[in-house]
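Take a look at this single chain, the form predicted on its own, given in structure tokens.
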Amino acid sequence: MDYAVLGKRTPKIDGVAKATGSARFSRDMILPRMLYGWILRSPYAHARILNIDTSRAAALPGVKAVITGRDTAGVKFGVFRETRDQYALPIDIVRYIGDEVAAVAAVDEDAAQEALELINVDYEVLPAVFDPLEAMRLGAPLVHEGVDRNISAHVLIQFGDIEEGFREADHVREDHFETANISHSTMEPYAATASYDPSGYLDVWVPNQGPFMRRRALSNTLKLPLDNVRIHKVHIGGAFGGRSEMMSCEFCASLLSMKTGRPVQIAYTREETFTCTRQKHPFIVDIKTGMKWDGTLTARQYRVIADGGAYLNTGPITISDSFAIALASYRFAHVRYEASRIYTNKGVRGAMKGQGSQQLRFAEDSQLDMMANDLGLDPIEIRLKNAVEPNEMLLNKSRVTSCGLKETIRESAAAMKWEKPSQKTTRDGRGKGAGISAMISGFSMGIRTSSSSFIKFNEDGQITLLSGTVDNGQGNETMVAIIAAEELGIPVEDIRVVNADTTLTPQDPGSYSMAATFVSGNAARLAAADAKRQLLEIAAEKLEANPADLDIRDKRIFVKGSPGKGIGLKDVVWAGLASGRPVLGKGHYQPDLAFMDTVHGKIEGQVTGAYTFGATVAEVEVDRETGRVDVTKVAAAHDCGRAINRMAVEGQIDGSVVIGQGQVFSEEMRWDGGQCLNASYTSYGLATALETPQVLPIIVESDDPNGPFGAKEAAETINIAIVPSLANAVFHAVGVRIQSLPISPEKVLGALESCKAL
């Protein structure tokens, strides 16, 4: 089909504002009489709070309020009722270094920081545990009393007969893999501004991925009516899953504002942003796979241990969703998955791009190449043989409505001129490796599963589109504008998007769970279709024609086949207003999904609106003298259903490759017990432009029957597939297999030395 704006290269709506520096982030909010807040944090990994004396801090000139856990309503927060185990300000026990103890608001930041030093806290230091395996042992210190062996969540999922599956196999491997604790590394340090109105209304500006979920959490913890809390739209400097949950930052700013009657802003330091927001779960994965001589997979068994840190919150989603996503990549008849998330006295782990799939895929696709090497098979052919196909019913009774997985494998391999590697490796320091992945486009989130949009035509023929979707930089505002523009036959620049404001815009899932394009985009299209219907009905009266015979293009409504017989769009809008029929479009979309109980690992039924797929082939050069790995080129093919904005999809592919590259080779939060040693970009190891490889983005369009114009998710899949692709390329280059991330120069050199000693 020949689209007018869909599938073209459209600049982002907010591009000029960001390029010129006029975009306003939460730290840019400067309100009259605003106070500045700081949070006192625990110096201990585990301790009981015996007493807090705030009298000296409260008496300091310039200090307007001091709060502790005793000043709160004592309500724990979290996404699910049964996973709420964290106070925004702890009342009796702190569980990691950096846990919040008290907060102050003062006329300037200097006074606020000085006040923190005047707060006296008496602690009883408690035994702490930092390693998940040690935490599971009988007799280990309990991070939360009454939690058996510190297991905060546990799921066991089985399909088929796992033992029968291994008996059918000709070759079985068991391997052990580990991934690192990673920071979301958002360029914007976390900050929140809150302003409480004497009439009882609270306004909050905070980076977030789901304003409606954030509103609910603040309403619950502050004991305010839901409608009295307004989350405003702000520009957001990165999220990657780490802005999904409420943080103590906005809670403390809000409570301090309620106490003082003045706006309060709290801005985290870079160190606080690293250690006191959310982090990526490190996984320990033991995986056993069965395969026939021809490469056909017969069975797979997982045992996963995830270090969850001090609190639970969204943790069960990570260990359940990762397996639900894994089921959509390769075909199996028999599988067993057991995963445990463990409490430790470290910072809290939460959602991050891929929801645990990156960790699992590192193990799955690394082992797949190891088995291909054992049997002398081509890694690309093994993937093609076992890849999921369109209309396939997965083991959990979830149907794949569209699938371009095999096309992504073939096209990425062709772009890199893939040839079957030798049975061993090149061992010349240069190698290629492949990886694949799947991802979901939305999943069951209760009342937040669906999205609504409104369209209002103004008298000049331009429109205002109201959508609850959040734009964290990926281009969601532009995406919904393109969809509406295509449906209505008007230019994108004639659409103003108002979004992510809980008072102005309708309910939306948020930009997590990969739902923006599939769910929010569908709602925008339906709203546009409703507005179009109204326009055509009004125009039909003017043109004395049947509405079904009319179309809209280039700001005109005309009779199909007779472009000369038409009327200007503006004139139709005026006619509607004059006759008491303003054009107001409404759209609502909710995918038909089964309920997913991720807390207990219940993932059967249609778990997502659509699956997306991707494949990467990476080329690396390894210096045998230093162990340094340079990524030279990556071909990344992504099945996004239909590219709404090719420029944005290509940008997501590029970004996903670079994010994955950093996490494979250099990123890791290093710890001494419960103390993070490298909470700074000078020592953390974030990949920079200097390490960025040549990326060949390939868009595969499978045209999903339920997506808006056939579109699906276009952000996560490549970020997962690139991880095993790079690990496999290193093995092909030098013949050593690194089974823990990051693949640092030290690990490469150590593995090479071990090989020499054999």
Partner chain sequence: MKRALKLTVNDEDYEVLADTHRTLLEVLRDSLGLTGSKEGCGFGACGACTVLLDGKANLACLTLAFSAQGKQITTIEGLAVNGKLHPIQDAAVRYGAIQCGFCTPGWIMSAKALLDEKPKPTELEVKTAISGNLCRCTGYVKIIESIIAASEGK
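Residue numbers count along the first chain shown, from 1. Please read these numbers as outputs of a predicted model, since none were measured by experiment.
The same protein has a further form, the form predicted in complex with its partner chain, not shown here; the description that follows concerns it.
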Any chance Thr296, Ala326 and Gly735 all have a heavy atom within 4.5 Å of its partner chain in the model of the complex?
-> no
Is there any non-hydrogen atom of Tyr681 lying within 4.5 Å of its partner chain in the model of the complex?
-> yes
Consider Val695 of the chain shown here, and say whether it contacts its partner chain in the model of the complex, taking contact as heavy atoms within 4.5 Å.
-> yes
Check whether Glu82 has any heavy atom within 4.5 Å of a heavy atom of its partner chain in the model of the complex, and answer yes or no.
-> no
Check whether Arg27 has any heavy atom within 4.5 Å of a heavy atom of its partner chain in the model of the complex, and answer yes or no.
-> yes
Spot the stretch among 548-556, 405-413, 438-446, 187-195 with residues whose non-hydrogen atoms come within 4.5 Å of its partner chain in the model of the complex.
-> 187-195
Among Ile119, Leu686, Val400, Leu543, which has any heavy atom within 4.5 Å of its partner chain in the model of the complex?
-> Leu686
Checking Phe240, Tyr330, Tyr337, Phe177 against its partner chain in the model of the complex, the residue with a non-hydrogen atom inside 4.5 angstroms turns out to be Phe240
Scan 345-379 and note down the residues that get a heavy atom within 4.5 Å of its partner chain in the model of the complex; none is a fine answer too.
-> Met352
